[in-house]
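What follows is one chain in structure tokens, specifically the form predicted on its own.
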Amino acid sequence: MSTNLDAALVRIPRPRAEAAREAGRLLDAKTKPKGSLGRLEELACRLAAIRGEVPDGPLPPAIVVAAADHGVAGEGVSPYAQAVTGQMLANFASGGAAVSVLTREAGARLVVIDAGVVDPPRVEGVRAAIRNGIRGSGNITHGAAMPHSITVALIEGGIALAEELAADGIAIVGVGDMGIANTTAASAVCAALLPADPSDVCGPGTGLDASGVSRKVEVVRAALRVNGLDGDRGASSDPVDVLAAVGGLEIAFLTGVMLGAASRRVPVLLDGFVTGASALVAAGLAPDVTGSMIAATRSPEPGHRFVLERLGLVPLLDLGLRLGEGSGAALALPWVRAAVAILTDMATFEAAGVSRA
């Protein structure tokens, strides 16, 4: 690993338990029975712990969506053509995608990243992940997805973006993904790092039927075998090596966003299964990073359950979302806003003249 990445890893703090306790004391003083707002109160305390202090106002949000193409798409693991990745990148930038709509509704900034799309659109509003990157990952059934140097550069690019957003006043970051066949790459990463059998983590993705899922399982098995990650070997490997071998360009970039946000005490809202794969890599590099993560949603992809269990996270939402794009993270932002508002705006028993129990 590079010295830049190593330096970022040592800056990641643990959640501050005293800040969570202070938020709890403030919540108990509000005009309600103790704990009566359930997981909303838990969320408020977690936000305080991550930030290291009780929020004193709304947290300005951003959603980062990273897109890239995958060589494994050539193995027939998605019902969509690879060209859709670039087309959706343009849709994000023009404001027509689901995450574009949901981000606007949540009052958040949308940051669209080209992490390695084969045929990127020439539109405003799309940022390159790194300079001199590559256009699409390799076919992981034939060899590595990407060079180790590119993998590290993408992680560092994500760290730099998160630090830039934090410096610009963004106080919570949601992450999302786009890339035809990226649930196959995510399945391979998760199967290696958990470790788990490919049949336990592979799902329909964007709409595969049963035979398509079976093919996907065999493709993941082949990828793990070709890259020397089958059995328990992946779990004992360096997370960056696993990512370079069977991951994706956008998965690498989002790993960096999570690490960079955590280093600045900025909470990270995870979306679905693909961002969960990034979170596994990030946690492998810096275990304390999980303390900065909040699971926005539970994906129907079977592997997501195992990822959330490994990370020790319980999702805020369970709506059957399997779109990706950061749509679940955007939908969770009103919950975040409400949790902070309860802390800052709700009256106490003393201020309202209400008798305690």
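So that there is no doubt, residue numbering starts at 1 and follows the sequence shown. Just so we're clear, the structure is a prediction, and the values are computed from it rather than from any experiment.
Another form exists, predicted together with a further copy of the same chain; not displayed. Remarks below refer to it.
**Student:** Going by a heavy atom distance of 4.5 Å, is Leu319 a contact of a further copy of the same chain in the predicted complex?
**Tutor:** The answer is yes: Leu319 has a heavy atom within 4.5 Å of a further copy of the same chain.
**Student:** Check whether Leu323 has any heavy atom within 4.5 Å of a heavy atom of a further copy of the same chain in the predicted complex, and answer yes or no.
**Tutor:** Yes - in the predicted complex, heavy atoms of Leu323 and a further copy of the same chain come within 4.5 Å of each other.
**Student:** Can you check whether Arg310 is within 4.5 Å of a further copy of the same chain in the predicted complex, heavy atom basis?
**Tutor:** Answer no; every heavy atom of Arg310 is more than 4.5 Å from a further copy of the same chain in the predicted complex.
**Student:** Counting only non-hydrogen atoms and a 4.5 angstroms cut-off, does Met88 reach a further copy of the same chain in the predicted complex?
**Tutor:** Within the cut-off, so yes.
**Student:** Is a further copy of the same chain close enough to Lys34, Ala97 and Ala352 in the predicted complex that each of the three has a heavy atom within 4.5 Å of it?
**Tutor:** Every residue of the candidate spot has a heavy atom within 4.5 Å of a further copy of the same chain in the predicted complex.
**Student:** Counting only heavy atoms and a 4.5 Å cutoff, which of 287-295, 36-44, 60-68, 301-309 contacts a further copy of the same chain in the predicted complex?
**Tutor:** Result of the contact check: 36-44.
**Student:** If you check Ala235, Val213, Ala160, Val101 against a further copy of the same chain in the predicted complex, which one has a heavy atom within 4.5 Å?
**Tutor:** The residue in contact is Val101.
**Student:** Pick from Arg337, Arg11, Arg14, Arg21: which has a non-hydrogen atom within 4.5 Å of a further copy of the same chain in the predicted complex?
**Tutor:** When a further copy of the same chain is considered in the predicted complex, the option within 4.5 Å is Arg337.
**Student:** Counting only heavy atoms, which residues in 48-86 are within 4.5 Å of a further copy of the same chain in the predicted complex?
**Tutor:** Contacting residues: Pro79, Tyr80, Val84.
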